[in-house]
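This document starts with one chain, in the form predicted on its own, laid out as structure tokens.
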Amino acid sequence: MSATLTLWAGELRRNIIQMKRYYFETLSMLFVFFVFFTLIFFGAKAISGGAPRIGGGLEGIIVGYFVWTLAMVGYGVVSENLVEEATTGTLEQIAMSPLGLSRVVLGYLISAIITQTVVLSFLLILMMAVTGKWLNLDVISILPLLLLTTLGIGGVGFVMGGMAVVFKRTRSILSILQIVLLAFVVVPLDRYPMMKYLPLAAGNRLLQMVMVEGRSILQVPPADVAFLVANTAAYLVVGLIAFGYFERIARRKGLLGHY
């Protein structure tokens, strides 16, 4: 266990160093996300006369967009890192390490969630300042819900990562999924309750209870929190199983050693 924690800590340090070294890319990402948000927010406000019928209203758009941007990291970082390792020729060495490829990839996900949560928090504050819609930033209540929500979509990321190991090029699928995932955070669960079984939807609703309605995590229905935990665990388990399946295919066909 200590070796795994050391691995994850090292991956976190690497992530921080890369973000500082390639700060222009980080700033460009924030700028693009912000421009896209303003188009969505003010477009919805103009069309609906200020009261869009999207879950949570205008404040709900801010929360949903924040969750969606973080989800982009959760499901995209695995495949992107694996493709980068394959391109540089280090994927096979990582797969042969004593800890195994799955734990290394999980380190990708955890470190990315931590660093991008900090970075995208600045985007959240900027969105609130520009729109004038200030949310309840109860960090103690928000962080565990945000972690569970993002880890759930990380299960989808493991599936995409496994596909990237075998098929190498999966960017077209990742691009399509970006739009699909956006629908999961804008569709109101009170009108479409079956959506709660999909990634992001249940977590986004609980985060709206905290950030829009001003509740603490202790005031959120325990059954809803338990469902989010079960939903996250299910997607993670399925994602890890799928990743292991694709990894075995890649080993059998000798695909880890070349791009």
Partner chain sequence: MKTEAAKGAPPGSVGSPVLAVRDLVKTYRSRRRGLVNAVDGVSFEVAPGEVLGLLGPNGAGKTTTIKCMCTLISPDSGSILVKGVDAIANPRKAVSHMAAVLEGNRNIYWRLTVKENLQFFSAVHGIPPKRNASQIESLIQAFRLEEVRNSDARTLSRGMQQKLAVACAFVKGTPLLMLDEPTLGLDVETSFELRAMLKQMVAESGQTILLSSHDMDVVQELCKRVIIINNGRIVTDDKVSNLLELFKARAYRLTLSGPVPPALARELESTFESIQVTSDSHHSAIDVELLDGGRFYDLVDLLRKFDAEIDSIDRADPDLGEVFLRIVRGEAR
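Numbering follows the first chain given and starts at 1. Here the structure is a predicted model, which is why all the values come from computation and not from measurement.
There is also a form predicted in complex with its partner chain; it is not shown, and the following applies to it.
Relative to its partner chain in the model of the complex, residues Thr87, Ile94 and Lys253 are all within 4.5 Å by at least one heavy atom. Among the residues Arg171, Lys168, Arg103, Lys133, the one placing a heavy atom within 4.5 Å of its partner chain in the model of the complex is Arg103.
In the model of the complex, Phe24 stays away from its partner chain, with no heavy atom inside 4.5 Å. When contacts are judged by a 4.5 Å heavy atom cut-off, Lys20 does not count as touching its partner chain in the model of the complex. With a 4.5 Å cutoff on heavy atoms, Leu143 does not count as touching its partner chain in the model of the complex; it lies far away. The closest heavy atom approach of Leu99 to its partner chain in the model of the complex falls within 4.5 Å. The stretch among 79-87, 177-185, 116-124, 160-168 whose residues place heavy atoms within 4.5 Å of its partner chain in the model of the complex is 79-87. Taking a 4.5 Å heavy atom cutoff to its partner chain in the model of the complex, the contacting residues in 2-19 are Ala3, Thr6, Leu7, Gly10, Glu11, Arg13, Arg14, Ile17, Gln18.
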